[in-house]
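One chain follows as structure tokens, the form predicted alone.
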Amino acid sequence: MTLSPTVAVIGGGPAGLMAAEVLGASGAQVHVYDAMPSVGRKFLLAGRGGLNLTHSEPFDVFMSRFGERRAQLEPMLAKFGPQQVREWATGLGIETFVGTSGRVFPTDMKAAPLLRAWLHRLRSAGVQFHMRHRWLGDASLDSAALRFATPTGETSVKADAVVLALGGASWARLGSDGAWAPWLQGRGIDVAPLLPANCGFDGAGWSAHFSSRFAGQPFKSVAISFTDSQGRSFARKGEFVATATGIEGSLIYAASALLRDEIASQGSATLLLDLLPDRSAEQVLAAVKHPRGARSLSSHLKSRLGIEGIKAGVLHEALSKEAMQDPVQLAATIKAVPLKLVATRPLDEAISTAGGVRFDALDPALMATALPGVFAAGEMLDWEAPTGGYLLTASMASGAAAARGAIRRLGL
């Protein structure tokens, strides 16, 4: 009797697990290896505040979130996109709902029940898991001999195909440390530098007084705008948080790619913060100019415009005492507080990673042209996306795509 081909999936995050699921359904013998004691650690962390599985917006809008990598990712997401993610979750007994922002969540908001159901289904399909197996990135990978460091010593395994799903380089303590990058480069695979994505920034220039009083507090109901030196622009309403050294949070993460690249090329990036996006410049100026009688300026701004707390604090950061008394300058700054940023926060703090295995080092099936039989998937590929379910959906879609490529190569 001829044994089914063996496929090694290295990495137990969403991309690796989805690759294992598709491969298992093909009849292949599937072995998942992960350096950590359990799989899906970053997946579980992402679910702490409510697991954002995907997004419900129209597919064309969904695809626009992937920027310059849309062309490479669209074929994968056309096969396994937002609707397929929801159907997949339902198949695991996990119902989903669409939140007010259009994001899709499990009804209980939790990641752990979904992961448990997923692992049960994978094991039932014959997928075998090998924990605390750290791939050593050995040069014999092209002969399908894979070396792993384990608690009991080094071990070597053979496989007919390999799917690498090793993640990016953020949250190294959860297993994604980017150690694979020099290994693959040494095997002739082109890897774009790993950079922070969906990250915070340093350099807003806060005074010691502002940092001590407002670090950790949110800017709510604001908008930011930014145009880089190449004319690319970003403008959106939302909220973010002041840190002791700068800014972070969902609205900043959405603009982080442009800000990061501008800092890299120009040394800094200055965004404009609109403290009152729902009021026109004319309305703000009229309110500032309104007679305030014996009231202080802070009381006037609070009563007429609702500006207090951190919003009042950032105006004092941007303007001198004299400028604060100039209605025209004050009103203009309320609508456009300049925040100069000079550095991203460290890569290990970022939610996700930009850079990775370049698509031109892979064939359309995500197989490395320099290493036949070796496929790559997930965040270790050279793409990025904002938060909102895009990262998880595309990681799973690429895992499925790499598995389909391995299936075709093995003739299953």
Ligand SMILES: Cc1cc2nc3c(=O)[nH]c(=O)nc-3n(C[C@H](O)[C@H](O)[C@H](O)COP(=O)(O)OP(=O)(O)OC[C@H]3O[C@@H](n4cnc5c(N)ncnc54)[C@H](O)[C@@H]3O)c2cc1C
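Quick note: we count residues from 1 along the sequence shown, nothing fancier. Because the structure is predicted, anything quoted here is derived from the model rather than measured.
Quick note: we don't show the form predicted together with the ligand, though the next part is all about it.
Just one listed stretch, out of 206-214, 299-307, 184-192, 168-176, contacts the ligand in the predicted complex at the 4.5 Å heavy atom level, and that stretch is 168-176. When contacts are judged by a 4.5 Å heavy atom cut-off, Lys42 counts as touching the ligand in the predicted complex. Though the partner is left out of this view, Tyr33 does reach within 4.5 Å of the ligand in the predicted complex, counting heavy atoms only. The shortest heavy atom separation between Leu371 and the ligand in the predicted complex exceeds 4.5 Å. Under a 4.5 angstroms non-hydrogen atom cutoff, the ligand in the predicted complex has Arg134 among its neighbouring residues. Screening Met367, Ala354, Ala28, Ala350 for any heavy atom within 4.5 Å of the ligand in the predicted complex leaves a single hit, Ala350. For the stretch 239-268, the set of residues having any non-hydrogen atom within 4.5 angstroms of the ligand in the predicted complex is empty.
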